[in-house]
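One chain is shown next in structure tokens, namely the form predicted alone.
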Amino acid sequence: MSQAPSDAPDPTARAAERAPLDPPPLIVDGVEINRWDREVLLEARRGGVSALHATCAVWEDARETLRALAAWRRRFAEHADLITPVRGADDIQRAHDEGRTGVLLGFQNTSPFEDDIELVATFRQLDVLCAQLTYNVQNLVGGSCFEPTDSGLTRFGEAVVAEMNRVGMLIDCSHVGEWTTRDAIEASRDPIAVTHANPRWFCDSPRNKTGETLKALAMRGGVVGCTLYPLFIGGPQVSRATYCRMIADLVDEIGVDHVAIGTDLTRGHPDEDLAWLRDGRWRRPDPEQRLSWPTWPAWFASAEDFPNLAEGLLDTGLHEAEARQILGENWLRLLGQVVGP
């Protein structure tokens, strides 16, 4: 893991005095991809999570995705004491005020759109508010961060971006290649998101974003959700202070309005789910390879640990108002702008 440049601004130079986060902050998690049982939902409530973006499709086609959305309808009914659907930005504030967790449904791939532009509006009418353009391989829309050559946004990709703008669906470029991400930033009328990635200067992985791309994102009003997934922070040994210092340095680099949290929590999944989430159907599993989920940092193992993260942000010297923006208010503002109230 590479650290921030030595000449990066020192966030401890900020005002020393800070008030505690009281009343409790509005917390929005940019993405989670859990197995959604009641215990996982309770973890979100215990962590004070006001809203989270739940992945309901990765490799699924349109028909399979409809089943996933139907499962969420049942889940909302069965756990109405804990969660409530997010159909617009106002629902997040309402969930926070009611002491429930709002759930925003989204995709980590455009595979549910198949090759049919009409399906973008169809899924938006079914309350899907966010879609990532590509996942781990090239698709009809553009290039993945793991492809040896990034194609950039395709003609179909340009049409998808325009249609997502038209219907009010947030564009996510977390797993998307650098060139395709930059194309999407330029092509989109609205600001876009990177819901779960970190700066590459912090952890050198193709899944993280270069400083140039994050600056371009911010210049167009977008938001990056800094992830806690162990492979993209440098491993479970990374301390809370190191991670939160990265966030403070990124604030100094691109502005506090453009930095948020997107944990990419994977709670409740057995190891056999990992092969599907990484590779879907495009590659056969290697029988010699035993995949297992990475160990998370002890200071952030579930959504219950959001208060610990909030404390870490304050310990870097960030002001309370800045910490509140990072923990949730920036996502709320972006969703209000793109998705609507």
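Start at 1 with the first residue shown and count on from there. Only a predicted model underlies this, so the values are computations on that prediction, with no experimental measurement involved.
Heads up, the form predicted together with a further copy of the same chain isn't pictured, but that's what we're talking about next.
Peer 1: Based on heavy atom distances of 4.5 Å or less, which listed stretch (99-107, 203-211, 227-235, 116-124) is in contact with a further copy of the same chain in the model of the complex?
Peer 2: Result for this chain: 116-124.
Peer 1: Although a further copy of the same chain is absent from this view, report whether Arg166 comes within 4.5 Å of it in the model of the complex, heavy atoms only.
Peer 2: Yes, contact at 4.5 Å.
Peer 1: Give a yes or no for Ala216: in the model of the complex, does one of its heavy atoms lie within 4.5 Å of a heavy atom belonging to a further copy of the same chain?
Peer 2: Outside the cut-off, so no.
Peer 1: Is Arg73 close enough to a further copy of the same chain in the model of the complex to count, meaning some heavy atom within 4.5 Å?
Peer 2: Outside the cut-off, so no.
Peer 1: Answer yes if any heavy atom of Val137 is within 4.5 Å of a heavy atom of a further copy of the same chain in the model of the complex; otherwise answer no.
Peer 2: Val137: contacts a further copy of the same chain in the model of the complex.
Peer 1: Please tell me which of Glu178, Asp257, Glu147, Asp90 lies within 4.5 Å of a further copy of the same chain in the model of the complex, judged by heavy atoms.
Peer 2: The residue from Glu178, Asp257, Glu147, Asp90 that makes the contact is Glu147.
Peer 1: For a quick test of understanding: in the model of the complex, does each of Trp59, Ser151 and Phe156 have a heavy atom within 4.5 Å of a further copy of the same chain?
Peer 2: Each of the three qualifies.
Peer 1: Within 4.5 Å of a further copy of the same chain in the model of the complex, which residues of 282-298 have a heavy atom? Give them in sequence order, or say none.
Peer 2: Stretch hits, in order: Trp282, Arg283, Arg284.
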